[in-house]
Every structure is written in structure tokens, then in C-alpha cells.
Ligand SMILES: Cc1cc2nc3c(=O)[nH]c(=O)nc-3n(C[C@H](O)[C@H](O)[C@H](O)COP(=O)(O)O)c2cc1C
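What follows is one chain in C-alpha cells, specifically the form predicted alone.
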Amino acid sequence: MPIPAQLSKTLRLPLIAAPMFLISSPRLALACCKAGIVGSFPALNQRSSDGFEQWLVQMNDELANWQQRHPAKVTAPYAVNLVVHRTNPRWQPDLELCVKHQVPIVITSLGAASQVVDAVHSYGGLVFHDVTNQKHARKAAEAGVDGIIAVSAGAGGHAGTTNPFVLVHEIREVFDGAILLAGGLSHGEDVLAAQALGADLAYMGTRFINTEESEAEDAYRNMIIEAVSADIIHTPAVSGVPASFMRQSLEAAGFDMQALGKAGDVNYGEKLKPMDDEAKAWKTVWSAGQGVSQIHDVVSVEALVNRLMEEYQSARSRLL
């Protein structure tokens, strides 16, 4: 399946910088879009719908101004992540704001809803949905999404446990739309490998934590530089949904390392409170994927995308 037409001519690299809780903001998303890849952020990174709408206005205005000043540059669209879960009281009003401001791409999590697809398609937008298994991919396909994000083993955030080679093929068996691959991608050659596997786009999160434009604090970035893949712990204990965190931050926060298999409660409404326990937990218990072992610096988004592009082209040349 080719990259959707709305994206095919607006990307320097077939890559989306994934939306990350407490890390992604318009500053990071705008830097990505200006560098020629899709930038994104979760709606819940703003603590109110009013604040979220301000972010949408900022994104649309700044990108329009940028394109006017730099007509020859490739400028990518942006994406917003909506948590479509019964415990999130904001997902419907936030969806209405996405329609009002015509968000180019809506990324849904924890619920593939045809209501979202119909609303976003009404103005020509795209809907991508993240899944960790074929069962949820089938439901997303039935809802009519444009793309499915295969969140494979090794991904940061709310990650799956299935090998990417298996997961992409399993999704392709039930879905003929665009597939995006997430899980341990850090280099340009990883983007090419994702395409060779059958994915249309790559989905990269952890690598963008260590950019100058992210909201991560220096200690977070330094821990990523020092960590290796074996330091990534996949546990449901923090948010109720299995997610990947750095061992060092779990230990520093006082988690019982022997009890990390115990699930917590899933409640996205709690994220809306100014000082809720989960938000505080994610501020000190830092999420990352296994790609940490490949991250050794902090650079600007522009420098990182240029590096990824060079690696991608070099990898293609080696295969010719």
C-alpha cells in the first residue's frame, strides 16, 4: 500500500515522530514538520480542551507562515493523538476541535472508533490507529482507519511484545491500508528496513526525546544516553496498560522491581487533574524504548532529521 496521497509529496523521509506523553508539544512538532517529517503531540499534554485548542491554532498559524516564507522547502503535516477510551471524558470535545481546526492526521489509541474516522474524513484528514496485535488491527480495519501503527516489541510508551517481522505480516493479512512500524527504530537504515519489511512509514519516538526541542529534562536525556536495551522494563504497573520504562527511573522512584507484573488501574480521566498520581509518575518514571542503546547525544530536530536522511540514503545505496 503506498503512502496516502496527502503525505506522499510532503515528506523528506517516510517518518512520523511519535506523540509522547509529557514530552511532545508544538515546539517539537513544529520543528519536525519544518524539517520534513510528521510531528505530533497528545491532546492530553494540554490539561484542558481550551489549552488544546490554543495549540491547534498555534500549529496551523505557524506552519502556514513557515510555508509562506519557505515555499521551496518540504513541509510536513502534523498529527494529534486522541485517547479514545471510556475513561477519557475529553476525547469527544477534543475530536470536535480537531474537526474545527482540520487537524491533518489524528492518531487514535485504546479504541478504534468509526465516529472518529467519519469526523476526520469529513474534511479530508487521515486517521491512524496504534495496535499491538492482529485482533486490534482487525477492529481498526473495520472502523475504516487509513493507517495502522504496528507497535512491536522494543517500543517505548504503551508497547507490544510481538516481533516486528511477525506483527507487520499479521496486520497485512487483515488490512490493506498504510502500515506504520514502531519499536526500537533509531537510525535512517531502520526506516529503510521498515519499508523492506512491508511497512509504508516508520514511527519513531525515543530518538526524539533526545532533541533540543523536546520537553524532557536533562536528567531524562542523560539517562537515555547511559541506558542500554536491557535496562528497558515492560510493565503495566505505572499506567495500567503495559508500557516500557527505564529500569533506573523505576528504581529511583521506589518501585518494587519484583512486583512490576501487577497491573494498575486504567483511568485517562485522572490525567486531566493538575497533579494526578499518574502524571507525577511519568514525570519521574521515564519511558523509553530499546533504541536507547543507539542514542548517544542531544541534537536539534533539524540536525537529527538530516542525519537520518543521510543514513537512509546511504543504506539504499549499499543495497543497489
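Small disclaimer: the values here were computed from a predicted structure and weren't measured. Throughout, we count residues from 1 along the sequence that is shown.
We do not show the form predicted in complex with this ligand, though everything after this point is about it.
Chemist: Note which of S249, T162, S214, N81 lies within 4.5 Å of this ligand in the predicted complex, where distance is taken over heavy atoms; exactly one does.
Modeler: Checking each option against this ligand in the predicted complex, the one that comes within 4.5 Å is N81.
Chemist: Scan L185, L167, L180, A76 and let me know which has any heavy atom within 4.5 Å of this ligand in the predicted complex.
Modeler: Of the candidates L185, L167, L180, A76, L185 is the one lying within 4.5 Å of this ligand in the predicted complex.
Chemist: Given the stretches 94-102, 118-126, 202-210, 172-180, which is the single one in contact with this ligand in the predicted complex, using a heavy atom cutoff of 4.5 Å?
Modeler: That would be 202-210.
Chemist: Since only the chain is shown here, I'm wondering whether S109 would be in contact with this ligand in the predicted complex (any heavy atom pair within 4.5 Å).
Modeler: It does: once this ligand is placed as it appears in the predicted complex, S109 has a heavy atom within 4.5 Å of it.
Chemist: So in the predicted complex, does M20 come within 4.5 Å of this ligand, heavy atom to heavy atom?
Modeler: Contact check for M20: yes, within 4.5 Å of this ligand in the predicted complex.
Chemist: Is it the case that A288, even though its partner is missing from this view, gets within 4.5 Å of this ligand in the predicted complex, heavy atoms only?
Modeler: A288: contacts this ligand in the predicted complex.
Chemist: Should G156 be counted as a contact of this ligand in the predicted complex, where contact means heavy atoms within 4.5 Å?
Modeler: It does: once this ligand is placed as it appears in the predicted complex, G156 has a heavy atom within 4.5 Å of it.
Chemist: Give, in sequence order, every residue of 31-45 that has a heavy atom within 4.5 Å of this ligand in the predicted complex, or say none if there are no such residues.
Modeler: Heavy-atom contacts within 4.5 Å come from P42 alone.
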